[in-house]
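Quick setup: one chain, the form predicted on its own, written in structure tokens, and binding and motion questions come after.
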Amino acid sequence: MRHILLGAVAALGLTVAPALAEYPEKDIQGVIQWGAGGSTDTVMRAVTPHAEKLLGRSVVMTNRTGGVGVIATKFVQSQDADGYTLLMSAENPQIYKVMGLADTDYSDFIPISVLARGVPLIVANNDAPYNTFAEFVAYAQANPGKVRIGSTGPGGVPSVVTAMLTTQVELPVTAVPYDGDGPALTALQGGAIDVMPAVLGAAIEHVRAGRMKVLALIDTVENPALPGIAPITAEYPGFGDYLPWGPFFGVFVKKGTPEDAVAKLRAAYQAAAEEADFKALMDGRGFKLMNISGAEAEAFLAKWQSVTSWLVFDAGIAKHSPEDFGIPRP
């Protein structure tokens, strides 16, 4: 009789035990690493509504700014690895270690999707006495220190692009710091600086309006947004060792997140990134749609970290050697 009762209880226990809930069973938090209205914010708020439809839950997005994205990155890292907190971010965490900003990078996260990357270019004031990259280099060398080049601080896109340029050509220019590419591009139009390394998405409307001219496209192929502008590798093949390169946007979760949650998030964002309006936004802003995840995304992230970490270190703007973190030279 005792065995019968135990069997009945066990059977009853199996009957009333709740089934495992399918992910997601509640709304998801999306933490955007940069402020409202910026490129990262715009990309995430454009793609996420499409992903929500496939997930069947809302992704409540908030902006957590500060510390070159460290505040948002650390916050997501402090949350449970359950798939309910997404890091919606850009490239910056990949150089936190060498820049001495934080002890983390994307190796502590799982890439749901690296959505797109920006394409760098060199723009100049319309009155500058050079119209091509080769003419700019020749002028800078003939007038050392005279050319004023915009910068947004160590580790920013302009500083990395400038460091990349100096691996191939001697470039004796004077860097002028600005708090973001917006103010720097405004200064360029007003003549306060002469040249600015920028992202195509930030400069494209100024170029189309004739407010500045393009000296170089920092890529390996032509870009439909700039017809007739040859990539820099056409004249300087050595840049191919670093390219393609550019700032990027991606969605990440903390490492350790269950596989089913990762799979559903990846499927949702992969489909969302293929929606016509999102692709049109990327094209219109000069971004290269990537939409990669898994091993492909991890390989891209590793190469980006290798190239950028060593560029900023060799340029003397990093606090630590990439060797200290096992980051190989590209």
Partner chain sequence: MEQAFAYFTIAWLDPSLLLLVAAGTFAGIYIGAIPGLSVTMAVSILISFTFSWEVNDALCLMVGIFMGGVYGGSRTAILLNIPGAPSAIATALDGYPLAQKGEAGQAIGIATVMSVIGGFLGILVLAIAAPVVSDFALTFQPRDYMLLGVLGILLVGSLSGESLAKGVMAGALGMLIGAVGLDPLTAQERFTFGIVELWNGISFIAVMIGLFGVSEALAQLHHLDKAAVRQQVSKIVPSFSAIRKYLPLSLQTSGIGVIIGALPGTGGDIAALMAYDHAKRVVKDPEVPFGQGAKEGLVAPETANNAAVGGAFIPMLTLGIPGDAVTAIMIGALYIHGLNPGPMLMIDRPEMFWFMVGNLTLANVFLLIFGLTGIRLFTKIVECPRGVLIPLILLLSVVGAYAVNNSVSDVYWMLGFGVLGYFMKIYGYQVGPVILGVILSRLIDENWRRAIISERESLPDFFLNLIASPLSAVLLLAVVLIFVSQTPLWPRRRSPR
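For clarity, every value in this text was computed on a predicted model and none was experimentally measured. Positions refer to the first chain, counted from 1.
Beyond the structure shown, there is the form predicted in complex with its partner chain, which is absent from this document and is the topic of what follows.
Taking the partner from elsewhere, residue 291 is found to have every heavy atom lying beyond 4.5 Å of its partner chain in the predicted bound form.
Within this chain, residue 126 is remote from the site of its partner chain in the predicted bound form, having no heavy atom within 4.5 Å. Although the partner is absent here, residue 58 lies well away from its partner chain in the predicted bound form, with no heavy atom inside 4.5 Å.
In the predicted bound form, its partner chain lies within 4.5 Å of some heavy atom of residue 281. Of the residues given (70, 54, 302, 262), 70 alone sits with a heavy atom within 4.5 Å of its partner chain in the predicted bound form. The stretch from 115 to 123, 207 to 215, 223 to 231, 242 to 250 that comes within 4.5 Å of its partner chain in the predicted bound form, counting heavy atoms only, is 207 to 215. Relative to its partner chain in the predicted bound form, residues 169, 314 and 329 are all farther than 4.5 Å at every heavy atom.
Residues from 302 to 330 do not approach its partner chain in the predicted bound form: none has a non-hydrogen atom within 4.5 Å of it.
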